[in-house]
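A single chain comes next, written as structure tokens; it is the form predicted alone.
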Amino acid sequence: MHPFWDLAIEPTLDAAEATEVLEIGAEAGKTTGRLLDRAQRTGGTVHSVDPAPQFDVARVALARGERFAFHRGRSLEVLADIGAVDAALIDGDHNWYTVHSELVALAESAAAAGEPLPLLFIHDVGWPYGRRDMYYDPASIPDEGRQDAARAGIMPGRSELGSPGINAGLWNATHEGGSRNGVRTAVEDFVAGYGVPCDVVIIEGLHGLAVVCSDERREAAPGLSGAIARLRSPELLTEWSARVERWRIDADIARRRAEAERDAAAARLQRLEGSLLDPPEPGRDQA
């Protein structure tokens, strides 16, 4: 989610005057660090949820003190204990059941505290998991909430799984689309059933980001109207498109560099093997 930070997430958090912020899915901590930098500036707290973080949680906690509250576990196991927050960034398990349940839990915590629905940022509303479930641990999802899934690859424009394809090592739903399938579908279903009008902005690219702002949250922070309008502006779209293109170019350069290094290593190995198979004649000057 961190590529969206300075262009979309941070300005909208500031407009919402959000101090209590929840992050679901910390992974390597790239977004966590940005949230904590902002918390230092605003005097807020970051609640970070992840069952298996890929960074040194104790070190971050020591450095950040009261600004950082880490919750080790699955989101649906700990959200009720965290309570109401001003904003939530959701980038955990990419499936309908988990995301919809997270949104319902956040809404329930807000209602219990007499607060509006948090400002929501949900990643992976684009391809490949906008309309297709993925499960890190299928057994953690109830049977009635789980699509048929297999460890096989995904390709754009192809509903069925197979090879070639990406993310073949993950449990992917065996078909794309339909009811209760995918992150974007979960967001749409939640908003449709929430009962309070919500504005939903989708920023396409890099797997897609949804920003959800309820009318109640907008009323609580007058600056949010302008911030949400900015997310739809031609200026932001132009800047975002330029960034996505730059990342594509950088990725292509990195791929070509890796291929060149691989080819050079293979050539060196071939020369070494040739020298071992064809040793110099005895007595020949090797100088």
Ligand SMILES: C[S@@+](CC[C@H](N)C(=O)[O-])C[C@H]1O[C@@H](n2cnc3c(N)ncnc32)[C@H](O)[C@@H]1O
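It should be emphasised that the depicted structure is a prediction, and the values quoted were computed from it without experimental measurement. The first residue of the shown sequence is 1; numbering continues from there.
Unshown form predicted together with the named molecule; subsequent notes refer to it.
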Task: is_contact(residue 30, the named molecule) in the model of the complex, heavy atom dist at most 4.5 Å - done: yes
Open item on the list: Does any part of residue 51 reach within 4.5 Å of the named molecule in the model of the complex? Heavy atoms only, please.
Closed with: yes
TODO: Classify residue 133 as contacting or not contacting the named molecule in the model of the complex by the rule of any non-hydrogen atom within 4.5 angstroms, answering yes or no.
DONE: no
TODO: Considering only heavy atoms, tell me if residue 146 and the named molecule come within 4.5 Å of each other in the model of the complex.
DONE: no
Task: Residues 100, 128 and 184 all lining the named molecule in the model of the complex, heavy atom within 4.5 Å - done: no
Open item on the list: I need the one stretch from 89 to 97, 186 to 194, 213 to 221, 114 to 122 whose residues put non-hydrogen atoms within 4.5 angstroms of the named molecule in the model of the complex.
Closed with: 89 to 97
Open item on the list: Could you pull out the residues of 64 to 91 that have any heavy atom within 4.5 Å of the named molecule in the model of the complex?
Closed with: 73, 74, 75, 91
